[in-house]
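What follows is one chain in structure tokens, specifically the form predicted alone.
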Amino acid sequence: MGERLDVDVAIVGGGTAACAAAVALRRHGLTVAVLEKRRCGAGASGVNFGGVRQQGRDLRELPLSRRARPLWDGLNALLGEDVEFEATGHIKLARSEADLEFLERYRIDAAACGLELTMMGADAVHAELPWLGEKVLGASLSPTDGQANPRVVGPAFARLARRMGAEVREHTPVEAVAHTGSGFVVTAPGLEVRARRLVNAAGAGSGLVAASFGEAVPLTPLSPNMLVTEPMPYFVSRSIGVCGGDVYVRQVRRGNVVFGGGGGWQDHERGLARPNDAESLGGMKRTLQVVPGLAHARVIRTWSGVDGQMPDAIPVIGPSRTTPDLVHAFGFSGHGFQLGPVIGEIICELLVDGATPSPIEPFAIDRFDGLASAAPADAPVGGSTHTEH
């Protein structure tokens, strides 16, 4: 006989959003079990770029990003740990006249959502950041955006959830989920969890959980291709992105420069990922066009991970359309890191209040009705979510 847990809410997955949901639910006095197949925050939540940005998001996602941003100012106090958040500002670079036109259109649209962006011409951007390459013709600045350390955020939420009394089980791959009519049964090796409510936050494995309840989705794996240099004198004072998304660069106070672009190799069935050499070299070349001062920097580490990607590049967030008391939160398509803390709050609101003040209608799971899930039938579930380009 294995162990049995009886809780109010079972959460499949241990990424930032999942563990933030556990914290919010414990605040409301609900008992919670978090089941993560590896270590909490070690999946896509911990292997991303670390951008905490509002700029550049799909306009349907921007209200959630706007709500998330103030939470980052208080994360150190909430978690009792330093997550290395800095509001360095996020600057998006234009390398063509078409890019400049795109940034201006986005500035106008973002203003309607309450996000104020500042356009910078070539002279202004090179005056502030003289180390930028000649190909940069202008930029858009979001001064309140920034960066944080993705390797510490998810685990810090998991530790807080434990301190608050949540059952956080790592190295616990979920084997099956089912609805009993009066609740849910989640099984893992040596463990059975019975819960009144269920959260599907299993990252790239979420398609399998959804399919268990008759909600097939076209979720496919996504792997970032990330690199970091040796420590250098600090000079990259902004978090950098470009139109087209093929370069992103930031520098931490220790001096290491984190950058990326392209995709890594992944074996979704085994939950494995690694950088792609050709993509890494291509990323280096593209980065040097934007930041030539990195020409002699030594790359000391590369990495990748597995996230879940949706065809329309926005997540699934909200209640199941087939099963009462089931909430989905997955498919963040490479840009969920900044959203993690607020997604936890939204999950809690949906379970406790039955609704959320945030506009989540665009993220409904049934927008994919009629499309089959692309996830392999034998892929593992219970993984972490979120990567951020």
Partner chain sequence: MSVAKLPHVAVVGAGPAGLRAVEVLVAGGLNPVLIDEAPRSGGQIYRRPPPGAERPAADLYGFEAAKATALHGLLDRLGDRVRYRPNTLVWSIEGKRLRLLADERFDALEVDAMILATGAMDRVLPFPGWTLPGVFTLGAAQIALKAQGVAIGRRVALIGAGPLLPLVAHQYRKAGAEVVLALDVTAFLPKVIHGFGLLNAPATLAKGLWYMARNVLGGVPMRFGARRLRVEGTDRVEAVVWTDARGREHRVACDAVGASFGLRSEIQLADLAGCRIVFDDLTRQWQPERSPEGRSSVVDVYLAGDGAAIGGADVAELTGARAALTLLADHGRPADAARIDRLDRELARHRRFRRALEAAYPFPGHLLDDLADTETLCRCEGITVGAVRAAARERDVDEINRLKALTRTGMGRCQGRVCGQAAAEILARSRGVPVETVGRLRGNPPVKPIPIEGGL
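Predicted, not measured: the structure shown is a model, and the values here were computed from it. Positions refer to the first chain, counted from 1.
Beyond what is shown, the protein has a form predicted together with its partner chain; the following relates to that form.
- Looking at 154-162, 113-121, 210-218, 197-205, which lies within 4.5 angstroms of its partner chain in the predicted complex, counting heavy atoms? Of the options given, it is 154-162.
- Note which of Ile108, Ala77, Ala127, Ala278 lies within 4.5 Å of its partner chain in the predicted complex, where distance is taken over heavy atoms; exactly one does. It is Ala278.
- Query: Among Leu294, Val236, Met310, Ala188, which has any heavy atom within 4.5 Å of its partner chain in the predicted complex?
  - Reply: Here the answer is residue option Leu294.
- Would you say all of Glu170, Met284 and Leu288 touch its partner chain in the predicted complex, counting a heavy atom within 4.5 Å as a touch? Yes, each of Glu170, Met284 and Leu288 comes within 4.5 Å of its partner chain in the predicted complex.
- Task: Answer for Trp265 alone: is it within 4.5 Å of its partner chain in the predicted complex, judged on heavy atom distances?
- Result: Within the cut-off, so yes.
- Message: At 4.5 Å between heavy atoms, is Gly41 in contact with its partner chain in the predicted complex?
- Response: Contact check for Gly41: yes, within 4.5 Å of its partner chain in the predicted complex.
- Looking at the partner-bound form in the predicted complex, is Gly133 within 4.5 Å of its partner chain by any heavy atom? No, Gly133 stays farther than 4.5 Å from its partner chain in the predicted complex.
- Non-hydrogen atom contact Pro143 with its partner chain in the predicted complex at 4.5 angstroms: Heavy-atom contact with its partner chain at 4.5 Å: absent for Pro143.
- Task: Scan 101-129 and write down, in order along the chain, each residue with a heavy atom lying within 4.5 Å of its partner chain in the predicted complex.
- Result: Sequence-ordered list is empty.
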